[in-house]
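Let's start with one chain on its own, the form predicted alone, as structure tokens.
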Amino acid sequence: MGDAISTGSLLETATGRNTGAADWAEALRDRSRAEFAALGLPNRRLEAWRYSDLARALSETVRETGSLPTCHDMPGAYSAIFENGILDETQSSFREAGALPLRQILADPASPFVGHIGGVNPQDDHPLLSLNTALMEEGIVLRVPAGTTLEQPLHLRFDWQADTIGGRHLRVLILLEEGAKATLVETHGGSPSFATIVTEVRLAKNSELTHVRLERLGSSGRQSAMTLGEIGASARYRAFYLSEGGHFSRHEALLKLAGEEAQADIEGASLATGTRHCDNTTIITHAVPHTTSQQSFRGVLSGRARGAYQGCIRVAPDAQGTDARQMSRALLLSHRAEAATKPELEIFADDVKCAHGATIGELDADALFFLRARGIPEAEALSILIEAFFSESLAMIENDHLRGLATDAVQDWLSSHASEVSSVE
């Protein structure tokens, strides 16, 4: 469950939590606290938040309906387990990967990560980034040395099983040095009263990061997450994001292609029913010549669910040779479901190839009739078509185990919500 939350209560309830930090961390927090106090919680009057009114969502008292979804373990992976926003080292193995808890980093006056935390693709006037930086207390920091391949994924598991007054605010920092390779998996389950999670990713020359986010919140969950990335020369960022929405769910991918031949590939899937809200927002900035990006998001909405996709491609004046594409597709299984899509191109260079597209529609009635005519029940027929709708995105996950993990999440959602999905209105 979650009670009403305001700008003032967010700052007040966190007072005293994040003690013991070094001077540089306290200065960073104080600066961000002042920025958030000036900006306040975002609402629909801000263009970037026109489809997602967080201030309203936090002002409402919500109650959980149904059982809470849970996260699954990943055998063999390095793990960092967060219970209600608190890192549980007794269940975790992240130190075996060379990772360190954020609390330890923030308390170190001579930390080598000064300038990295809060310094990856910084954003001006972003209220939730300021809030997260002001109140960050738990998280993980990982540096992968040059030429090193992290053999197993680093699994960050966020479980929310109890109400946490005032919410929790977590920070993740991933640094890949030249030629390093790693896989990061985030799983989010349960119902946070309010959580912000910021993942900062800095990829040096020729490095590669595979990033999988599986967000399975309860119906009362309120969470806003960000992935901030800087991708160096010939480095590659590959991502798959899946979200089932919540009372409020938003994920922003804010990526900067900062070196020539840098590449970013994002596949996204959202599945929401009931009265859930799911927002995927991306801003990919091509800052230098000869960079490539591709993003494709697919959503399925039923009941009175609301989904939003905002995708922006920015091409700097000197970023000649940019190749950027984005596509958004949404299926509405109910006349009361809502989908909003806003693709944007901001191009300040001449020699570029940029394209975007968006579609919103219903399932193919002929395909549904074909399956029903062969004796397949309606719920099963709908599941087959929806799974086929997502198959292209799932196929883009190159790692077999990770692809299976994402496929299982889609199938689990379909089986869990079969009655709601089949009640096409």
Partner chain sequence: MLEINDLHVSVHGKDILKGLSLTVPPGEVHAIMGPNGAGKSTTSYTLAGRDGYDVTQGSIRFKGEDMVPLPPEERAAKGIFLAFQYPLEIPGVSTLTFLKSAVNAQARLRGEKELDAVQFLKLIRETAKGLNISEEMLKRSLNVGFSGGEKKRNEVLQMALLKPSLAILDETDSGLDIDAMKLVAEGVNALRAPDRSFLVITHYQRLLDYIVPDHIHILAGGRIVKSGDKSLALQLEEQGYDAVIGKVA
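Residue numbers count along the first chain shown, from 1. The shown structure was predicted, so the numbers you read here are calculated from the model rather than taken from an experiment.
Keep in mind that the form predicted in complex with its partner chain is missing from the display, and what follows is about it.
None of E380, E64, E35, E26 but one reaches within 4.5 angstroms of its partner chain in the predicted bound form through a heavy atom, and that residue is E380.
Checking L39, M396, A358, L385 against its partner chain in the predicted bound form, a heavy atom within 4.5 Å turns up for just one residue: L385.
R372 belongs to the set of residues with a heavy atom inside 4.5 Å of its partner chain in the predicted bound form. The shortest heavy atom separation between A367 and its partner chain in the predicted bound form is within 4.5 Å.
Proximity of I376 to its partner chain in the predicted bound form falls within the 4.5 Å heavy atom cutoff. The stretch that touches its partner chain in the predicted bound form, counting heavy atoms within 4.5 Å, is 387-395, out of 66-74, 387-395, 26-34, 49-57.
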